[in-house]
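What follows is a pair of forms of the same protein chain, given separately as structure tokens and numbered structure 1 and structure 2.
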Structure 1
């Protein structure tokens, strides 16, 4: 599999023109051209540029300096926050970006040109699938403090979606408690998923002294659904529960969340009688876990590793 990935990378870099000293014969390498395109018509926070492209800050600074020297971009400090630097394109930079767009369209058409209609359909379908899977592989998941801003943002979005989807809305104060202390070690933990530095999902585990641990706060942002992140979060939480010696893990969910119910059943959860008095729940599930040493892979408890809320 590693050999096939490397072969694919070689083919793509050659066909995309990444090996040439100048990209699309515009006198600059691919990195500069890509940054020019990413800055966009409205400019961009440089921190977001680094995160979106997963590039070292020093390298991004050198790319920006080269664009500034060519009169294509300017770097400014935000008036609202002097610590924030933004990049924006000059009029010359905007014109160059339009040229790159046209040449990129021409290059894509040239790649498709020799193929039959059937081959073109197969290629663009395969490209869409590869892009989806590469995006999935870029998502990082790890334990986070539920008080940090990214976790808070996910929790607010989670509650807001429940309120939209549940009959009669959702009030977290009426729901069974899963506060910051309960989702922090040693009482529990919260997993935060990020894509290019932006939060895109959460999932929590609440340990209990006399009962199996509960899975709570499962949510994936709409933009990250369809990437297998919900299943990944669920498997990670199960592994961490097993790592704490749990033989069973439990969760409850609302009947409005049909996608979540389908995921749980496909992941081996079985429906059981109600084991708590959650007012918003219609289904209660549990799953037997494989303990470490019996085949289950346990995630690093401090590592950074299509589901609606659950």
Structure 2
């Protein structure tokens, strides 16, 4: 598997990657071209450009100066904040950007050109699959403080979705509590999933005395669905519960959340009688955990240990 991945990297960076660099810089240094592209049609604050391209502030400043000298962009101060400066493309800059766009299309078309219709369809399908799975693998999952802004944002999105989907809406105050304290160690924990720094999912565990831990707040952003993230969060939570000594985990859910219920069932949860008085729940589930230390359930970000020997 690893060798297939390496071979893929070689082929693809040669074929697809090299292209990008070559034509993006039409006479112009690559850095300038990238910046020109990134400014986009509606302009952009310089600090955003810096963040997106991960470049030094002095360097960006100089690149912008050269774009200005070539008459491709103008830089002016932002009206909202006098410290911030905003770059905008001139008409010539826009035209140049269109050319790049066109060249990019041509390069992509040239890749498809020599293939038959059937091959094209297969290529595009396989590309979409690779892209989807590489995106899935780029998602990072880790313990987070429920008070930090991205966790808060997920929580808000989660509640908003519940009140949209539940019959009669959702009011967090009527639901069984799970406040920041309860979702932070040692009382519990919150897993946050991020993609390129953006929060795209959460899942929480609440430990209880003399009772199995509860799984709470399972949520995946719409943009990150179909990537197996729900299953990954669930498995990670189970592993952490097991690592904490739990033999069983439980959760409750609402009948409106059909895909979640499907996930729980397919992950080995069985429905049990109500074990609490959660007013929004229609189903209660329970799963027996494997003993930790078997290795199979332990989260392993690099994954070497889980790979077959070859």
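Superpose the two forms; the largest set of C-alphas matching within 1.5 Å is the rigid core. What you see is a predicted model, and the numbers here were worked out from it, not measured in a lab. Numbering follows the first chain given and starts at 1.
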item: Selected structure - criterion: the form predicted alone; value: 1
item: Residue 188 C-alpha relocation of at least 2 Å between structure 1 and structure 2, rigid core basis; value: no
item: Core-aligned CA displacement of residue 65 at least 2 Å between structure 1 and structure 2; value: yes
item: Large Cα move at residue 277 between structure 1 and structure 2, threshold 2 Å, rigid core; value: no
item: C-alpha positional change at residue 40 between structure 1 and structure 2 - rigid core reference, Å; value: 2.7
